[in-house]
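Taking the form predicted alone, here's one chain by itself in structure tokens.
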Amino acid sequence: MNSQRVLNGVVGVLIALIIGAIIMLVQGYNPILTYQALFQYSLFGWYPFATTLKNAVPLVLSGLSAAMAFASGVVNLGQPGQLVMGALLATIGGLYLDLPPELMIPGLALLAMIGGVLWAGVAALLRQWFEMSEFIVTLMLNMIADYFTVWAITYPFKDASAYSPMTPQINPKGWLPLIGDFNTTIFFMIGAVVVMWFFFNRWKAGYEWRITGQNSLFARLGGCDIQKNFMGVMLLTGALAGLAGGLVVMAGPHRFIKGLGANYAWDGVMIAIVANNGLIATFLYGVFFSAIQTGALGMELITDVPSEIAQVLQAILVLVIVASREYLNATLEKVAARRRARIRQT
């Protein structure tokens, strides 16, 4: 099954690149030069690669949040709200705390996770108390979080010297340091991927979550505490999304600015869907999508191809990989069945 997923991903990427090349040819652009520029400014060289990894952090963490929720049968679509609430709480901590860097950095990261947990907890409690669908509640909470954070950076926490809504910069002791060209935010990302993979695939709670996502009735009859597991999934996935927001602030611009969340969380949800909720696949697709987004501006400078072509390429990737997944799996199953039949005949 893992080999089928790898094959589906590779084939999907190749088909998407070919379709993208055809679109560029129709528009009068050279696809070879375009792709060369795209990846030159995102993967080829230490600084472009470091920038791609830094930009991948919120995509991967939001994607992990969505992937773990979906795989557990929980429809948590509140990553955008949880991300900005985590970013806001980390920013407030960075404005008022003054600790040594070795305490300040993990402290702000913890505050970011708490922000995400609190916001996800609202949806979880509404589900527990009133049987309200987390699908609807998390979507609605995204809008509330967006407006609330804009209010917070426009009035109580606004930088008085700024002309647009933003907070002052956080304490420099909370800034994530650089190692050469690489921002240390990537260690949080890699650590989260490793820890979540072991939790989801090697620990009892992770096993129960996966079984619940595959068949909730079987899990309940098998003794799994469905309500407790639901709460755990919501809080953990909220923490991941909140951490993504806090790391965006801590890695730079070191303050909360209007539009900080951008499309990170929604892109993360999209990446989780493309990865079929696989945690390692979410990491790999997150880095690949980050490469496309990071290289888009350099591509536009070198080739005059509009950077919007990167969004078209992303959309094609999603459509091709998701649409071809079941077809490719069915085809591989037929090929394997025929091979087994020939072996029996001989």
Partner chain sequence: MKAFIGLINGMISGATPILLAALGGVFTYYAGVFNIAMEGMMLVGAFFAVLGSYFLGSWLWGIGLAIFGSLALALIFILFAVGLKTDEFVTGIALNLFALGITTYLLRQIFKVKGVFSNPGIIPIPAIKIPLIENIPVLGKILSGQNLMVYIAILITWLSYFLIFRTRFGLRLRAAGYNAARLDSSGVSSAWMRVWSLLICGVFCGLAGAFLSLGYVNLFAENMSAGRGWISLAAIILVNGHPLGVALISLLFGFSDGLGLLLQGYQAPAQFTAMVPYLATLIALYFYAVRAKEKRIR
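Numbering follows the first chain given and starts at 1. Nothing here was measured: the structure is a model prediction, and the numbers come from that model. We call the rigid core the largest set of C-alpha positions that still match within 1.5 Å between the two forms.
In what follows, reference is made to the form predicted in complex with its partner chain, a form of this protein that is not presented.
With the partner omitted here, the stretch from 169-177, 109-117, 131-139, 228-236 that lies within 4.5 Å of its partner chain by heavy atoms in the model of the complex is 131-139.
Taking the partner from the other structure, its partner chain in the model of the complex has a heavy atom within 4.5 Å of a heavy atom of Pro306.
Its partner chain is not shown here, and in the model of the complex it never comes within 4.5 Å of any heavy atom of Val287. Heavy atoms of Val318 reach within 4.5 Å of its partner chain in the model of the complex, making it an interface residue. In the model of the complex, at least one heavy atom of Val312 sits within 4.5 Å of its partner chain. Taking its partner chain as it sits in the model of the complex, the stretch 9-28 comes within 4.5 angstroms of it through a non-hydrogen atom at just one residue, Gln27.
The Cα shift for Gln27 between this form and the one not shown, taken after rigid core superposition, is 2 angstroms or larger. Residue displacement note: Ser324 has its CA displaced by under 2 Å between this form and the one not shown (rigid core superposed).
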